[in-house]
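This text opens with one protein chain seen in two forms, each one given by itself as structure tokens under the names structure 1 and structure 2.
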Structure 1
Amino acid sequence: MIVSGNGFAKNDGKPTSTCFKSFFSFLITFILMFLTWIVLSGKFDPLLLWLGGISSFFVAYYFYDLLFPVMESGYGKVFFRFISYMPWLIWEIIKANFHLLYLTFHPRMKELIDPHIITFKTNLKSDIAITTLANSITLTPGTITVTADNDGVFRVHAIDRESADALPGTMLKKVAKVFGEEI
């Protein structure tokens, strides 16, 4: 298949990565894929392992630029910070859900809720950070990201005032910290 990085790199406005970097991202993708294969397969039959290797190679070779379009050295750090972000997020999600449950089961629900849309701007740059923030917003209290564009402008639909007021707040800080960006 015809491999071309340009279709993806272009959206970031950055030049295509160099040979080494692309090899590196290929390697990481390959390892990641192979690990996934093992988790999926659960068998250590040599034939299957071989097939797994070939498959991982195949996917990594043709689609490495999907997973890591821009290879930077900080991925490891980002990964660990992301992991440490997760428990907080889950906790937030659970809180959010209980809040939502309260809303749903409330007999006079329509008086409690007050749907509206808020807009705010962040300084987040990278796609992945924006996406993480957007998805976190969506998962947490009564808010859903409507749009988030490259400039870091978010439009959020909030179901009540309380949820709306919490934004962008701590979550933005945390996400920015994870991806090492300025707020």
Structure 2
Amino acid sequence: MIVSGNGFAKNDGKPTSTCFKSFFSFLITFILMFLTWIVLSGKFDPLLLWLGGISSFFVAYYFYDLLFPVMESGYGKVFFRFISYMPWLIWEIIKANFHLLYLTFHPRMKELIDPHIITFKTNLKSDIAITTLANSITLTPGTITVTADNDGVFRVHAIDRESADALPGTMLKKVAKVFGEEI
């Protein structure tokens, strides 16, 4: 396996230790499921912890490849870059909420709200980078990703001209940086 620039594996024909990688994916999925179960249930009785562990085991056994399909050496780097992207995204969501609040309570609201559908093309190649950008746009209030295709063409609905002008902007650069892609 070779890790490409975006942190995901490509098979180069050499044998790999897929059993270890699968087990590692299973283990991380199990731990995440069990911790989620503990946080959401708030129960610490031995029987309930055991049942939560069994449930988490079965979920991890059947679905470990959905969360962590390939555990390669570059995966951790992408993971930590994504974690560092999250505070910036949350800040953008907060700023967009205040912008929508301003639009909603402004006396000239009908004049300020000017819906647009904009189309732009990105150089993002990996499906996960395209999906991350589409979801980030949709999570930001005032914008909704209408379509995003494999070629990196996005159609986005924006509530006003200011929101439309900001796209794709910094968000595209940050997502490309997370996945190690050129823009």
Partner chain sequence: MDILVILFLVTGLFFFLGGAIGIIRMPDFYSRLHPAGKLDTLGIFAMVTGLSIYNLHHFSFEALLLSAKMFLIVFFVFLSSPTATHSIVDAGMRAGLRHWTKKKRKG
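Keep in mind the model is a prediction, meaning the values are calculated, not measured. All residue numbers here follow the sequence of structure 1, with the first residue given the number 1. Only the largest set of C-alpha atoms that superpose within 1.5 Å between the two forms is called the rigid core.
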| said: Only one of structures 1 and 2 is the form predicted alone; identify it. | reply: 2
| query | So, does P87 move by 2 Å or more at the CA between the two structures, with the core held fixed? | reply | no
| said: Relative to the superposed rigid core, does H106 relocate between the two structures - that is, does its Cα move 2 Å or more? | reply: yes
| request: Check the Cα of P46 between the two structures on a core superposition and give its shift in Å. | output: 8.1
| message | Superpose the two forms on the rigid core and tell me the Cα shift of V59 between the two structures in angstrom. | response | 4.5
